[in-house]
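Shown below, as structure tokens, is a lone chain in the form predicted on its own; questions about how it binds or moves come after it.
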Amino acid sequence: MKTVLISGASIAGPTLAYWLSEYGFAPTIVERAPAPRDGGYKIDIRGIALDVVERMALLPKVRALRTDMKAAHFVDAHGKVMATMDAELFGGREDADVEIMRGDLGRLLYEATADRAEYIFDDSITSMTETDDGVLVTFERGPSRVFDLVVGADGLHSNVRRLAFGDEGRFARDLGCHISIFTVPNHLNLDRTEMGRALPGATALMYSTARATDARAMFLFSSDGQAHDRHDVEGQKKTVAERFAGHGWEIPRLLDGMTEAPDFYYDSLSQIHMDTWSTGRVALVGDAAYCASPASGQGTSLSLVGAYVLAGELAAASGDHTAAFAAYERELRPFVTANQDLAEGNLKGMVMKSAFQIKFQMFMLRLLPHMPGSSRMAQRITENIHKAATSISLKSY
């Protein structure tokens, strides 16, 4: 039985572990966090990724935990509604697509794999040395061990990628925006509703989902080439506060909530582009290999489908990692490219450059429901996303 060490217990890691265990492999997941990660933001599962979830017998549970958002309102500095969109259209979703909180999906995947995989929490890989028989792995806390294969499923800032392939800067492509998300009190008593204020070069949002007693604040803004220290949390909070100061609506109150937020998140919107996703006995999956950024709306789907394909190709090759890793790339790369290509186009509608562009966008949104053929125009908003989300056919391995 081949042993596979997976770094990362978010989405791609547990999904990979599930399918590896189905095919007779022995997966171990190491996770830096002390427990399964909770919280997070809204994510979408679309197209072919829904088939992966269904094959895991998780689709009914996923649908039961959907956010059930109803509407998105855009407001001015005084809170006056300027335009409203149906939440599904705002998120670019079609009927079958599901929006769920990241923490909810992560919990479902952990529960589905807790008896299938060995979990090691509160630890991280420090080195990997490939031998003729496997990979000797050392850890920050635990004893060294040898595994047949190692897979990095540890996100945009992948530790495994750094150790096996080199500095992140070689592969990261900055899309020119920064994003911050954190939990705040639901002082507006939002009920499955999103409210946002569009500014030149920036957007501030607040939303509350089904079953939530709190809300999430999200700030998205052009970085103007400004780098950030991803370990300097106080500096990040200062950047957000300065960028959004003096813009009215509920922004001051949301910024006040940022100070004590238990789950403050800040990062650049970046993609990962690599010529190959494997070297020797080490491979990458999900954001570690081909992060599409939140602007694509497809990061979760890429992780689910990528993990399914990687495990399936390892099974089809009877554990021959050289053949399996090559087949994994051939099978998945067109799907990855199609979904990464969505990001820049989506981002233009998420962060508008000028006050005129914002006014025009609000006018068109108000006009849309009253225009002849409005349903067809709405469909055109989602069709590019749907095309990318269904641009692969899943094999039955």
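All of these numbers come straight from a predicted model, not from anything done at the bench. Throughout, we count residues from 1 along the sequence that is shown.
As for the form predicted in complex with a small molecule, it is not shown, yet the points below apply to it.
A residue is said to contact a partner when one of its heavy atoms sits within 4.5 Å of a partner heavy atom; Lys237 fails this definition for the small molecule in the model of the complex, lying far away. Proximity of Val30 to the small molecule in the model of the complex: non-hydrogen atoms within 4.5 Å are present. For the chain shown alone, Val151 is not a contact residue for the small molecule in the model of the complex, no non-hydrogen atom being within 4.5 angstroms. Contact annotation: Gly286 falls within 4.5 Å of the small molecule in the model of the complex, judged by heavy atom distances. A heavy atom within 4.5 Å of the small molecule in the model of the complex is found for exactly one of Ile251, Ala327, Ile181, Ala112: Ile181. In summary, among the residues Phe165, Tyr265, Tyr119, Phe147, the only one with a non-hydrogen atom within 4.5 Å of the small molecule in the model of the complex is Tyr265. Site residues Gly8, Lys42 and Asn159 are all in contact with the small molecule in the model of the complex, judged by any heavy atom within 4.5 Å. Segments offered: 289 to 297, 310 to 318, 184 to 192, 255 to 263. Contacting the small molecule in the model of the complex at heavy atom distances within 4.5 Å is 289 to 297.
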